[in-house]
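Shown here is one chain on its own, the form predicted alone, set out as structure tokens.
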């Protein structure tokens, strides 16, 4: 006859229960894992199949019965100047927008690092843009940069004569309102990430540098910035991935016009899939874009691996 002590179950009973603990943990995680497999793996397999076919929804056959053409879609994309220009244009937008967002975020984070009156209210005001739905933000910039919008009206007041510039239909300047909308809406996210990183830096080295008489600029570039590098890498990684997928401002402001001058890769794939119905061709383009995004992620993740 077995007995149980006053302090709990017998050690042999605990060992018996521990044998079933890994299986129980697997059962707890299994529903989420199966859901992720259905949500991620199944669409990926469908895209892989479509990428080697020339299937279109207008055809009389189902997508899983399409004839494979193997790697001809990738061959055509290599020589498709419209696709290449869309990728290069998107990379340009990512480089410019994310760089400006990081610069603004660093400046604002340093400004809000110390306590001052109404600091919390000011932070709440600064982060408001990222709470707005992207379509609404894009609509606001569409009205701002309209030919008869407030921007041209302000310029008219400054120069003292009527000024009507077609910002959204100019082949050179049409991208500017799109990039400004992206910077305005998502700089607050970069600001929050950088500010959180600055507030959690170890203060011993900073205090020692202040005691030794180091200038604020030297403290920032020699002490704070190197310690902040992992946080900056995370912020750059998040914003680069999101900016690479920029779609709402492009669709609302220009639809990729004039003459494809503002067509980003997301707009290119939207037009190819839902305007021209070239599903197989766009699936191949999506796979190539995935390779580009993964390459960018690997480059931006290097500082995090070095500080891991």
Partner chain sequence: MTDDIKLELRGVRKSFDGVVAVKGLDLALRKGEFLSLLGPSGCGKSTTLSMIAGFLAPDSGEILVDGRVVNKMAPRKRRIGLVFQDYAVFSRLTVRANLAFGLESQGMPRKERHRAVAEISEKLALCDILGARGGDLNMSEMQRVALARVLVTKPELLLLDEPMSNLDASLRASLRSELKQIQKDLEQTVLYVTHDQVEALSMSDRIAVMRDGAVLQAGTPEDIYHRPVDRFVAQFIGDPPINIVPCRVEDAQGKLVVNTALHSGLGLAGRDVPVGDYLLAVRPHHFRASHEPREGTAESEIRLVENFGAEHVLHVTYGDELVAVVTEPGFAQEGERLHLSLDIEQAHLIHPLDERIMARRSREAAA
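Computed from a prediction, not measured in an experiment: that's the story for all the values here. Residue numbers count along the first chain shown, from 1.
The discussion below concerns the form predicted in complex with its partner chain, not included here.
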Answer range among 91 to 99, 75 to 83, 170 to 178, 221 to 229 for contact with its partner chain, defined in the model of the complex as heavy atoms within 4.5 Å: 221 to 229
Proximity of residue 211 to its partner chain in the model of the complex, heavy atoms at 4.5 Å: yes
Residue 166, heavy atom within 4.5 angstroms of its partner chain in the model of the complex: no
Its partner chain contact in the model of the complex: residue 216, any heavy atom under 4.5 Å: yes
Those residues of 183 to 207 which, in the model of the complex, come within 4.5 Å of its partner chain by heavy atom: 204, 205, 207
